[in-house]
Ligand SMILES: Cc1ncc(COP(=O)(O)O)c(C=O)c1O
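Starting off, we have a lone chain in the form predicted on its own, written out as structure tokens.
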């Protein structure tokens, strides 16, 4: 399986447990580079591509529609299925259409509720290219007692979606995220920061002279937890010198501001008031 060279943290360990070999692809400000995908298809002959094209975790990249169509074309020519993780897609109001909307024949689409609705609703929805393919993957697990979602969670999610409550909650999360991103951009002005306008996290690239592990340790001693790029590397290649700052974990905006000012101070920035 192919994936962005930096990707959702647990993905590599889950793939290892399933005996799936993962190869990381080079990425830029839009995500996967098409030439890298093409070359890997020719060399590796992968079965699937796992990707996070909207508000990429951890770099916050949003893939353009043109780039999405390029990847779809390559996937079709090499008979590679695409697994689209759209966990944060609902929070990016101006994002291009999902890959699955452009190419339902080759895309498995996954969208969970923990980020865009509520952490307590541990549920995700899957759309397969066909009913037959869905049955071939999920059919054997149907009789497992732990496979079905909690009935109460499913009922709440369905009711909220049908009544419009889900969209109202999602809109409120977007609004709060927008405020927190603006706060990060103001306090960390002068830093190499990447973020969408409604992101739940930001990506902070560090100067080559600053060791990211020392930076993470220094912040931890001051009560601020951030994640180094190493935790997102899928195949062991040295990642870029960067850290991910979560803006959604602290319950209040005041705590976010306090943490960001600690980051700014540690970077030696003169933060704005």
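Here the structure is a predicted model, which is why all the values come from computation and not from measurement. Positions refer to the first chain, counted from 1.
There is another form of this protein, the form predicted in complex with this ligand, and it is not shown here; the text below is about that form.
**Q** Does every residue of 50, 85 and 115 put a non-hydrogen atom within 4.5 angstroms of this ligand in the predicted complex?
**A** Contact check passed for all of 50, 85 and 115.
**Q** With the partner left out here, check for me: in the predicted complex, does some heavy atom of residue 142 sit within 4.5 Å of this ligand?
**A** Looking in the predicted complex, residue contacts with this ligand do not include residue 142, since no heavy atom lies within 4.5 Å.
**Q** Does this ligand get within 4.5 angstroms of any non-hydrogen atom of residue 77 in the predicted complex?
**A** Output for residue 77 is no: heavy atoms all beyond 4.5 Å of this ligand.
**Q** Using a 4.5 angstroms cut-off on non-hydrogen atoms, would residue 57 count as touching this ligand in the predicted complex?
**A** Taking the distances in the predicted complex, the answer for residue 57 is yes, it comes within 4.5 Å of this ligand.
**Q** Since the chain is shown here on its own, which stretch among 173-181, 85-93, 187-195, 129-137 would lie within 4.5 Å of this ligand in the predicted complex, judged by heavy atoms?
**A** Selected stretch: 85-93.
**Q** Go through 116-132 residue by residue and record those having a heavy atom within 4.5 Å of this ligand in the predicted complex; state none if no residue qualifies.
**A** Contacting residue: only 122.
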